[in-house]
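Consider the single chain below, provided in structure tokens and representing the form predicted on its own.
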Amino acid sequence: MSESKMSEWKTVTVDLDGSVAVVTLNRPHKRNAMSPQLHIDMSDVLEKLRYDTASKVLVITGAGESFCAGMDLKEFFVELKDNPAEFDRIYRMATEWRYRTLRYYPKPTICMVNGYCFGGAFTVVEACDLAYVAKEATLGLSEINFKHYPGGSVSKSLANLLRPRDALFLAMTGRTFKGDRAAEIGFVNAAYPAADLRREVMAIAHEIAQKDPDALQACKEGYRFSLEMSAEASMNFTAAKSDQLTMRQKDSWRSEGIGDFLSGKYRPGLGGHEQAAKPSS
């Protein structure tokens, strides 16, 4: 399993573990709170990894004992208060990468919530395709505690993912909750002991990285865009997507994917084409 490190950003690190890029929010002294510089760095990281052929899956996590404490209240809301143009520039950047860019990213994204997760970090968790949390992690929407509310893209993220009763209870009380509860209410896929979290998440990431990248992108787009469509529009869209996938793969999903199944090289549900494609030892 090859490993390499990209270190051209001030507040984010990127480590390549084989075909998985581990993107780490790196402000541990501030519990990885999102400063203007972090938003600039993450926007650039996601742009570069979009076209990086070595990375097939992205895992987003935090340095130290925290995932992300939300927005850096001082640097974002106070220090930019008297500079409306710069506040608007950073605000748009913060919204873009955490909501639109991650949501429609061409590669699978996995959020690994290794510790404290608050406020604006909820949007990162929700926008990723999959999310896993340490059972010991503490999560919460603390905005109500300083006379505000989950604004920006956070309210939409709550509406996308949580039941109304859970979303409003968490937003209106500001109470914290643990990783187990995050899994119970569907905020994440599963919770693992902190000591096991990275191993479990990386195993999932490497499993997904073996799948066909065009098929993975079609999975994401078929799901994401269908949420916004009627049933008839969705079926027309996914039919067109299937034609697009056929062209991108040069019909290999039929000739190789189904062909290997018909020739007995694997059985769907008990194996996959990626196993059939491996040379036998």
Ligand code: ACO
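Throughout, we count residues from 1 along the sequence that is shown. Since this is a predicted model, take the numbers as computed values, not measurements.
In what follows, reference is made to the form predicted together with this ligand, a form of this protein that is not presented.
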Only one of F177, F169, F77, Y91 gets a heavy atom within 4.5 Å of this ligand in the predicted complex. Which one? F77
From the list L161, I185, A190, L73, which entry has a heavy atom within 4.5 Å of this ligand in the predicted complex? L73
What stretch, of 48 to 56, 221 to 229, 29 to 37, 238 to 246, brings heavy atoms to within 4.5 Å of this ligand in the predicted complex? 29 to 37
Exercise: F146 in contact with this ligand in the predicted complex, heavy atom 4.5 Å: yes
I'd like to know whether P108 contacts this ligand in the predicted complex, with contact meaning heavy atoms within 4.5 angstroms. no
Since only the chain is shown here, I'm wondering whether Q210 would be in contact with this ligand in the predicted complex (any heavy atom pair within 4.5 Å). no
Touches this ligand in the predicted complex: G115 (any heavy atom, 4.5 Å): no
